[in-house]
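Listed next as structure tokens is one chain, alone, in the form predicted alone.
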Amino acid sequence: MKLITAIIQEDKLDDVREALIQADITRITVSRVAGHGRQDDIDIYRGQQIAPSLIAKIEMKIACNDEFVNIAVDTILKTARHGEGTIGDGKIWITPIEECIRIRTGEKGGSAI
């Protein structure tokens, strides 16, 4: 079991979500987040360094069994990228899930996902 976390641009949410549904991945969690990557450098204004502003993004979390990891990642890569790729398109992290438990039934493991 893996947890796929993807940070994408807001305008790509619907495209990515629809593509994931077409790939038979329907259980996702979406949050609005703000952050800063390589988009802006630290600016100097009147002799003082100004911290770059935070940029609104979308964070998607997908818990899936191992056989769906490559499908989900490839789908996100294809649909979240602008053209040939631009700075700010986002990032994907894949982390192992030690255990998953469905609260309603107490079911555990991959079937609980």
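Quantities reported herein were computed from a predicted structural model and do not represent experimental measurements. Numbering starts at 1 and follows the sequence shown.
There is also a form predicted together with a further copy of the same chain; it is not shown, and the following applies to it.
Though the partner is left out of this view, residue 65 does not reach within 4.5 Å of a further copy of the same chain in the predicted complex, counting heavy atoms only. Using a 4.5 angstroms threshold between heavy atoms, residue 19 stays clear of a further copy of the same chain in the predicted complex. With a 4.5 Å cutoff on heavy atoms, residue 23 does not count as touching a further copy of the same chain in the predicted complex; it lies far away. None of the heavy atoms of residue 71 is located within 4.5 Å of a further copy of the same chain in the predicted complex.
Taking a further copy of the same chain as it sits in the predicted complex, the stretch 85-109 comes within 4.5 angstroms of it through a non-hydrogen atom at 85, 86, 87, 89, 90, 91, 92, 93, 94, 95, 96, 97, 98, 99, 100, 101, 102, 103, 104, 105, 106.
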